[in-house]
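As a starting point, one isolated chain is supplied in structure tokens, in the form predicted alone.
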């Protein structure tokens, strides 16, 4: 049982500021079960690799064909031939392996990943995911392997900011952006709070720099505490 799942009540850290990206990544890393096979999506989710316990037995998978990926490579550790799906330089851990892109997608589609961590433009209260296109005329669609991960991984975590640049909530009642996957997300990590989403609606597990009551005033969805 993870630290967050052992909580019986929602924890409100109103006296602290919102989480930084690294702190969000730390929170996700703590909630991944030891021994899990995990894919980290392009962008913010790649930070999770830097916060995993080396003794946890967690194996990172990248869709361009690698198992056993380590933290992001820096300085002299950079090998231009060793990159993740987002083309960022990465390290390799002992026992790592390489394989064809098609084999990597077979792992994703075959249900062999325990967790994937994805970014998002929107997540609905029932766990629908939109993360590949905003629908804007000048936007470049880039679904990549997101659809395969969304339906293939046993658990889908989302790491995103809670509010868009215009102040609108990215946690919504229903998606207004093109859909990546339906009812696939189980947990959302943001700088202001951690949410469980699904058939039972939205549950706030923990807040940072705010309260559940304050979130209720800003969010377009109904949220409840763990103890409600």
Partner chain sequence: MRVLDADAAVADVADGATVLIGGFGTAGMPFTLIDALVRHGARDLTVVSNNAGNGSTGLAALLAAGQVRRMICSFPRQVDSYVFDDLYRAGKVELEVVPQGNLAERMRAAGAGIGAFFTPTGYGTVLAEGKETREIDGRAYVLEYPLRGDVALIAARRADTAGNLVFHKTARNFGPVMATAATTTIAEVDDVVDAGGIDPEAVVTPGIFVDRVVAVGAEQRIAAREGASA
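Residue numbers count along the first chain shown, from 1. Superpose the two forms; the largest set of C-alphas matching within 1.5 Å is the rigid core. In this text, all values refer to a predicted model and were calculated from it rather than measured experimentally.
There is another form of the same protein, the form predicted in complex with its partner chain; it is not shown, and what comes next is about it.
Trainee: Pick from 58, 49, 66, 202: which residue has any heavy atom within 4.5 angstroms of its partner chain in the predicted bound form?
Mentor: It is 66.
Trainee: Using the partner position in the predicted bound form, report whether residue 141 sits within 4.5 Å of its partner chain, counting heavy atoms only.
Mentor: Yes - in the predicted bound form, heavy atoms of residue 141 and its partner chain come within 4.5 Å of each other.
Trainee: Please run the contact check for residue 164 against its partner chain in the predicted bound form: heavy atoms, 4.5 angstroms, yes or no?
Mentor: No, residue 164 sits far enough from its partner chain in the predicted bound form that none of its heavy atoms falls within 4.5 Å.
Trainee: Under a 4.5 Å heavy atom criterion, is residue 148 part of the interface with its partner chain in the predicted bound form?
Mentor: So residue 148 counts as contacting its partner chain.
Trainee: Can you check whether residue 107 is within 4.5 Å of its partner chain in the predicted bound form, heavy atom basis?
Mentor: Residue 107: no, not in contact with its partner chain in the predicted bound form.
Trainee: Which of these stretches, 33-41, 164-172, 180-188, 49-57, has heavy atoms within 4.5 Å of its partner chain in the predicted bound form?
Mentor: Single hit among the candidates: 180-188.
Trainee: Hey, which residues along 211-228 are within 4.5 angstroms of its partner chain in the predicted bound form, non-hydrogen atoms only?
Mentor: Residues within 4.5 Å: none in this stretch.
Trainee: Taking the rigid core as reference, does the Cα of residue 119 move 2 Å or more between this form and the one not shown?
Mentor: No, shifts by less than 2 Å.
Trainee: For a quick test of reading the superposition: does residue 151 move by 2 Å or more at the CA between this form and the one not shown, rigid core aligned?
Mentor: Stays below the 2 Å threshold, so no.
Trainee: Please say whether, between this form and the one not shown, the C-alpha of residue 85 moves by 2 Å or more once the core is aligned.
Mentor: No, because once the rigid core is superposed, the C-alpha of residue 85 moves less than 2 Å between this form and the one not shown.
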